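There is one chain below, alone, in structure tokens, taken in the form predicted alone.
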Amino acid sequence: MNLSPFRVGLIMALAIVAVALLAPWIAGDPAAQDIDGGLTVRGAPMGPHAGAPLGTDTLGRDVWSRVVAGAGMSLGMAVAATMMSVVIGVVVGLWAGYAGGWVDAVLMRLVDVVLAFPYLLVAILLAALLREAELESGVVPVIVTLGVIGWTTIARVVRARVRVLRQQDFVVAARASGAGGFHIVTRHLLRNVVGVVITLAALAIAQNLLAEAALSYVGLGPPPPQATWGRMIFDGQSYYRSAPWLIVAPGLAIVLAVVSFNLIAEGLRDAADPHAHG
């Protein structure tokens, strides 16, 4: 059977989501420490074995359980942040594209200001500020951070699409019949940008997975003992020679998740525009 990249990506993504949802049944407690049976006689992490298929970490915790728990945590934050970005980006793009004039100019200058700063540096700064504000756990700061800085691409693409659509006959007819701007935007324009927004959302999830891993790696994600893939890589980096499974397992999980959503986005783009290859 010949699987398209989209189908491969969809299967991979569904598998990761299934693992995250089934975590309580297919993995143990990610915070459970087994000092006696989970470490060598020298107190070092144990390699993969029957009791721990991906080995244990420096505290005797099962790496498999932590990778599975990290799937739910990392993917959940990436999806939540993407939803926030989509809402902001679609609203800004729709009104900028339809209203035009000074509204378009102001909103696009706002986009330019956000894009003028390096993405990860702004994410680290904002996450640190929100962390200092003592928001609950470390989940909310990450979601808010990635959500409020990741909407610009969506806004620009939606705006460009709406600027074309507003000249179409169905929009002109709606305007001539007395329909207001809100009605035209929500009833006519919104549904015509859903396809491109879904594609951009898949790309945004992949980007947010990487950004969340970076924030967790530098200590701005959910605090221990909560497991995230980025934090696992940070905790295991000192043992990359003696216990490489500590960074290989979460690193491979990040790669597979990012690749899966990129393949989904590529398949959706090709389906929307079969000639868009380059």
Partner chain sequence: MPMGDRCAFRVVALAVAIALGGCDRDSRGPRYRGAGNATPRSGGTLTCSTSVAVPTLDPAIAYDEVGVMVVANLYETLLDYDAAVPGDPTSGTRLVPGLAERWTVSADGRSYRFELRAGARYADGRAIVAGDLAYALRRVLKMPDSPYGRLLSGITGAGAFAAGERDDVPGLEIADERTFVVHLDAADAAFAYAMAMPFSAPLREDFVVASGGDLRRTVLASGPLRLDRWDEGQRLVLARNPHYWDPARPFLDGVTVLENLPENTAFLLFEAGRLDLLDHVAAPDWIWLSEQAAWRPFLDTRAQMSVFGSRMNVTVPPFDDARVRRALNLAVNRDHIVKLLAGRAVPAHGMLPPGLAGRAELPPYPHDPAGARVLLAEAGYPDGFAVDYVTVPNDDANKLAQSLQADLAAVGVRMSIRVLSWPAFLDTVGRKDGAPFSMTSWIMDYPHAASFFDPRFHSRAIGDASSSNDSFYAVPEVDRLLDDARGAPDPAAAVALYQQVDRRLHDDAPWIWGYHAVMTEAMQPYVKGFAPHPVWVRDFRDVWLDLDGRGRRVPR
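Residue numbers count along the first chain shown, from 1. These figures come from a predicted structure and were not determined experimentally.
In what follows, reference is made to the form predicted together with its partner chain, a form of this protein that is not presented.
Judged by heavy atoms and a 4.5 Å cut-off, are S65, G76 and A214 together in contact with its partner chain in the model of the complex?
-> No, the whole trio is out of contact, none within 4.5 Å by any heavy atom.
Can L59 be called a contact residue for its partner chain in the model of the complex at 4.5 Å between heavy atoms?
-> Result yes; L59 sits at the interface with its partner chain in the model of the complex.
Flag P48 as yes or no: does it have a non-hydrogen atom within 4.5 angstroms of any non-hydrogen atom of its partner chain in the model of the complex?
-> So P48 does not count as contacting its partner chain.
Going by a heavy atom distance of 4.5 Å, is V259 a contact of its partner chain in the model of the complex?
-> Result yes; V259 sits at the interface with its partner chain in the model of the complex.
Would A128 sit within 4.5 Å of its partner chain in the model of the complex, counting heavy atoms only?
-> Output for A128 is no: heavy atoms all beyond 4.5 Å of its partner chain.
Using a 4.5 Å cut on heavy atoms, which of M108, V86, L203, I124 is close to its partner chain in the model of the complex?
-> Residue within 4.5 Å of the partner: L203.
Are there residues in 91-108 with a heavy atom within 4.5 Å of its partner chain in the model of the complex, and which are they, in order?
-> Going through 91-108 in order - heavy atoms within 4.5 Å of its partner chain in the model of the complex - there are no hits.
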